[in-house]
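Quick heads-up: it's one chain on its own, the form predicted alone, in C-alpha cells.
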C-alpha cells in the first residue's frame, strides 16, 4: 500500500478534528498519523493526515468530501516528490553507549538523557523510513519504550 499525506487547513473550532477523523473512519480507512498545529493565520489550524491507499480515486473522494465541510478552508494531497515528510521519535533504549556511538553520522539522533551505562533516552528525527531503519539497526530487542510524533509534511 502506498502512504498518502493529505494537508488540510481548517478553522480552529472545537469538533473539527473529530469531524475529519469520523469522515475518514466512515470510509473504512485507518489513519496512520495525524498531526495538527496552528498555522501562521490566527484561527486556522494545519492538519497533516497520513493513510495507506493505492487507489488515487479513493484519496480524491476523501479530499472532495473534506472540501464540503464548512470548517475546511483548503485540502490537497501532498506529492512525496514535491514535499518534505518528517517525524520525530523519542526512544528509551537499553543498549551500551559504544553500540549507540556506531550510529552517529548515519542517523540524526540526539541523546536526551543517559539513565545508566546501558539505558539511554534519545530523540531521532527524519523520514519515517529513516527512523524505522535506525530502530531496525539498533535492534528492536533493545527498545524499551517509544513515542512517535506522526508525520508532518511541508511542500517544497
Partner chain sequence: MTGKKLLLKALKERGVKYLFGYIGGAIMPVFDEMEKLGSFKFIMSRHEQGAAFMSQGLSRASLSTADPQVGVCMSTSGPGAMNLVTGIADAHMDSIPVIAITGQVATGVIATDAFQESDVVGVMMPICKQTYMPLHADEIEKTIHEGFYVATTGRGGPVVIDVPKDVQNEQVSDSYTFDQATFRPHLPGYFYSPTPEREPVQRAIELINKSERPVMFCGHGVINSNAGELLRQFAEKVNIPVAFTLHGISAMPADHPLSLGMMGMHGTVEANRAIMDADLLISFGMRFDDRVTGKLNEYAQNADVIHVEIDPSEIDKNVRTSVAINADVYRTLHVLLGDPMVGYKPRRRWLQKIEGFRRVMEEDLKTEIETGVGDDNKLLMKSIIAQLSDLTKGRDLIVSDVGQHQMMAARFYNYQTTNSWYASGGAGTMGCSLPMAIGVKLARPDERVWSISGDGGFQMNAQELGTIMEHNIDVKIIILNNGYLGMVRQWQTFFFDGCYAGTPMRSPDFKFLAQAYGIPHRKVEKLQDIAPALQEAIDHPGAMVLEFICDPAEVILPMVPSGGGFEDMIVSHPRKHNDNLGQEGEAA
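As the structure is a prediction and not an experimental result, all values here were calculated from the model. Residue numbers count along the first chain shown, from 1.
Just so you know, the form predicted in complex with the partner chain exists too; it's not on screen, but the next bit is about it.
Check all three, 35, 41 and 86, heavy atom within 4.5 Å of the partner chain in the model of the complex: No, because 35, 41 and 86 lack any heavy atom that approaches the partner chain to within 4.5 Å in the model of the complex.
Can you tell me if residue 128 lies within 4.5 angstroms of the partner chain in the model of the complex, counting non-hydrogen atoms only? Contact with the partner chain, no.
My question is simply whether residue 106 lines the interface with the partner chain in the model of the complex - judged by any non-hydrogen atom within 4.5 Å. No, no contact at 4.5 Å.
Looking at the partner-bound form in the model of the complex, is residue 123 within 4.5 Å of the partner chain by any heavy atom? No, residue 123 sits far enough from the partner chain in the model of the complex that none of its heavy atoms falls within 4.5 Å.
Could you confirm whether residue 69 comes within 4.5 Å of the partner chain in the model of the complex, counting heavy atoms only? Taking the distances in the model of the complex, the answer for residue 69 is yes, it comes within 4.5 Å of the partner chain.
With the partner chain left out of view, which of 57, 97, 28, 112 would have a heavy atom within 4.5 Å of it in the model of the complex? Contact with the partner chain in the model of the complex is made by 57 alone.
Which of 46 to 54, 59 to 67, 86 to 94, 112 to 120 lines the interface with the partner chain in the model of the complex (heavy atom within 4.5 Å): The contacting stretch is 59 to 67.
Residues within 4.5 Å of the partner chain in the model of the complex, restricted to 1 to 39 and counted by heavy atom: Residues within 4.5 Å: 11, 15, 18, 19, 22.
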